[in-house]
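In structure tokens, the next block holds one chain alone, the form predicted on its own.
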Amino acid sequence: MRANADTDEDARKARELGAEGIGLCRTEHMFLAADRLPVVRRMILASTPEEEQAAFEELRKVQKKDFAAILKEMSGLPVTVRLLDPPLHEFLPRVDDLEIEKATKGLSREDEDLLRAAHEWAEVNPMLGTRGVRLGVVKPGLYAMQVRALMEAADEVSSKGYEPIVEIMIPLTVTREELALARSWVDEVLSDINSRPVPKAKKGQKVVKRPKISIGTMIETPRAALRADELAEYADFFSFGTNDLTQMTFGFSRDDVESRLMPAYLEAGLLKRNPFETIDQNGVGELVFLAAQRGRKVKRSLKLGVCGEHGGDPESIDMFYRAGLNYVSCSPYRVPIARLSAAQAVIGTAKTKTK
């Protein structure tokens, strides 16, 4: 039973409530802080490799601090860190706002640059656009920076007597080739880090050992589920991002349908449950079963989990257990009920087998 946590405060609360690790740490939330957002924008606006690298270096320092705080809180328990997922336009001002300001007040040179970038990165359907691993392909230095910050943080907390367990998750992969390329970025950084001397332990502490790193991917598109056998060749684990998997399987935009369309569908009996609250077992659930089977056919040791909010829903947890998943992850405050539901799923299955 894990929790979704993006800060050390979230991690502390999750552990207090019984979480046995972090199943999803969303690194983009670290970028949205007031002191980080200007640096992210400098990275986006960079016109030369040198300017981009300088922004990456600033971000590496603050990310290392954030990662170290989380790894300390979760010492001895696994922490799954998802590399940057959302499209870059989310870190820029809205085009409409800047255009209105330009027409009414005029823009500074910096705001003109932001407006240009906002136009360049604007997409008709950004959730299906340049995000996840696709963003890594466009800006490969971004993922390398994040992995370096994470591993340096692991070294730092190890030298202080903590025991970091790190899992690096690459989002939105849909092909074997994508995951192989992204894994090569991670492996390159790990090779460089491992070539350095191991940090010295403080007096009276155990000898510092670098943690074994797991590298995996999110299964959040129907294609990824269908081609799980190919992705398993380059993955140590899968984590089902059931929020996006539900969106893409139904063709629903969650932000648009839950307020207007969903109540009408439920009232008319067109859907028995809101599929964003309780997993659609006949559609999305079948993809989970299929991906689990195909992935483990290639790699029996493949670890499987869920990091969508379905991980806190009792009915969904029962299905995940039957699918053979190792863990579920949900928001910290849903951990207690999720633990109870997981226990009931295990007991219920055991009773069925004995009949």
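Owing to the predicted nature of the structure, the values given are computational and were not obtained by experimental measurement. Numbering starts at 1 and follows the sequence shown.
Separately, the form predicted together with a small molecule exists; it is not shown, and the next lines address it.
- When contacts are judged by a 4.5 Å heavy atom cut-off, L24 counts as touching the small molecule in the model of the complex.
- Under a 4.5 angstroms non-hydrogen atom cutoff, the small molecule in the model of the complex lacks T217 among its neighbouring residues.
- Under a 4.5 angstroms non-hydrogen atom cutoff, the small molecule in the model of the complex lacks T173 among its neighbouring residues.
- The shortest heavy atom separation between R131 and the small molecule in the model of the complex is within 4.5 Å.
- Only one of E167, E156, D85, D236 lies close to the small molecule in the model of the complex, with a heavy atom inside 4.5 Å, and it is D85.
- The contact residue chosen from N243, S253, S75, N274 relative to the small molecule in the model of the complex is N243, the criterion being a non-hydrogen atom within 4.5 angstroms.
- With the partner omitted here, the stretch from 94 to 102, 183 to 191, 265 to 273, 243 to 251 that lies within 4.5 Å of the small molecule by heavy atoms in the model of the complex is 243 to 251.
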